[in-house]
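In the form predicted alone, a lone chain appears below as structure tokens.
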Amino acid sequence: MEIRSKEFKERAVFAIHDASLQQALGKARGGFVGKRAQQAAELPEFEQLREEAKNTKNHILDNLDHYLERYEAAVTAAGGHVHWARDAEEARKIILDICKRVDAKTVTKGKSMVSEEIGLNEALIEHGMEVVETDLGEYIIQLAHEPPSHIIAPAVHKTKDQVSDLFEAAHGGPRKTEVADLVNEARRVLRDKYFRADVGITGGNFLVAETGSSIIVTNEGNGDLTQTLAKVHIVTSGIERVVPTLDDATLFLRLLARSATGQETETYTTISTGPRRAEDLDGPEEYHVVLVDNGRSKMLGGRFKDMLRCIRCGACMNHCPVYGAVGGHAYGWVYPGPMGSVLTPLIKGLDNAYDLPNACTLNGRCASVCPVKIPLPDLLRELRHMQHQQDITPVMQRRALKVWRYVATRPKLYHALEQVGARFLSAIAKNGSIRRLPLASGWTDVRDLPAPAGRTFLELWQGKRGQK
């Protein structure tokens, strides 16, 4: 997937004025938030689980090489194969070589953000293979030739009418308008693809070092069909997704669905260990795991190690006011929202995603709901600091910061200018708000600016206490 994060501002403006997108985002906005809050309230130990998950992840990351080696040994013992990919190009080559060796014509895919990260679909299609996304949301956006706009709800930006139009164009027949009819139509089309598939590719929510198993969670069962009906099953996963034991996996599973979709648990939690054995009724003849680094080792040894705790639940973007206003496509790459605003600059380069860390309001909601307590606002501030250190920050902004520093380190001057500003803004306000303000058009073009009371906070506070 081509990175377009440099276009964030333009894409955000377009998104805000896209009526269909705003309609779709509006319908989704409250559902995820409210359901998560309900699930958290109904589980007394929820906060304790978050702390335990954070500590467990930190232990794993401190000993990642050990657990990855244990996992590789367990996969091999179960008859599977582990492949190590340093970057996206190497990961694509490994998967292509496997598909070519078995003369794959049709490849089915479960939802996998790593496969999006490495640009896998385009590579497979380039080499003449039919690639079919089997997750309903992924299938919808595949028909629309669009990337996902959310990591757990890829088509959250689509309205029902838009989906109806896509299905009518792709499948023919009478246009369906009811959700149940659309789902059944997708099932009918995909059923044949499952049986024709030569290779099935899934992600891996968790990789268990103890048993060599991969775990996926779905609400549709498409992942099960993808990995059991094809002759070859390929798991694509980041190196950070390994956990020591099945008991550890259950800790994260208790948090994952509650944080992601507000469910007590996923509809399907599937554990796969190696290829089909002689006594198995179904399953793949070959089982491969492609472990992708792609910048993760660099994060592991630096200031952004905390980001590797992420379990890809999407809670941060569900609660983010910026994501809620502009959707996922504005971010310009695979990972949107707060987690994407950290990951994209780290993987694709600070200069390629300058606006993402700076788009955040630093309100802290993302950190407050993250199931593994990633301090996302702190990481975003650190990225801003790195941009400033590397002279990526625009010249005018750097000059403005120097002026701010000069004023802020001189309290008398600061308070004098603050008083002038408060009185000026209060004087030009009408009915308590300001419709237009020079140098603040980014705000006043789409909303009014609340006017100050005419006195600064310090003046009001001192007045309340009877001080000068």
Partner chain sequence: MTESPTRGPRVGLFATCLMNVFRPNVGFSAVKLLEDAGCTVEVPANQTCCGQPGYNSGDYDAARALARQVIETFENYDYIVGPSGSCMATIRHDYPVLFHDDPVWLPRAQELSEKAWELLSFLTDVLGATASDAHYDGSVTYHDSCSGLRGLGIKGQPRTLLGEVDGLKLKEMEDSEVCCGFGGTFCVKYPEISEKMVEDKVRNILATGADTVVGGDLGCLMNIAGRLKRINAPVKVFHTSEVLAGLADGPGLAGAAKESD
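In this text, rigid core is short for the largest set of C-alphas that superpose within 1.5 Å between two forms. Residue numbers count along the first chain shown, from 1. Owing to the predicted nature of the structure, the values given are computational and were not obtained by experimental measurement.
The same protein also exists as the form predicted together with the partner chain; that form is not shown, yet it is the one meant from here on.
Exactly one of the stretches 325 to 333, 272 to 280, 108 to 116, 188 to 196 approaches the partner chain in the predicted complex with heavy atoms within 4.5 Å, and it is 325 to 333. Heavy atoms of Pro375 never reach within 4.5 Å of the partner chain in the predicted complex, leaving it off the interface.
The partner chain is not drawn, but in the predicted complex it has a heavy atom within 4.5 Å of Arg435. Though the partner is left out of this view, Arg384 does reach within 4.5 Å of the partner chain in the predicted complex, counting heavy atoms only. By the criterion of a heavy atom within 4.5 Å, Thr409 is counted among the residues contacting the partner chain in the predicted complex. The candidate spot formed by Tyr354, Gly442 and Ala451 lies fully in contact with the partner chain in the predicted complex, as each residue has a heavy atom within 4.5 Å of it. Contact residues in stretch 348 to 377 (any heavy atom within 4.5 Å of the partner chain, taken in the predicted complex) are Tyr354, Asp355, Asn358, Ala359, Cys360, Thr361, Leu362, Asn363, Gly364, Arg365, Ser368. Superposed on the core, the two forms barely differ at Glu52: its CA moves less than 2 Å between this form and the one not shown. Shown in the overlay between this form and the one not shown, fitted on the rigid core, is a CA shift at Lys9 smaller than 2 Å.
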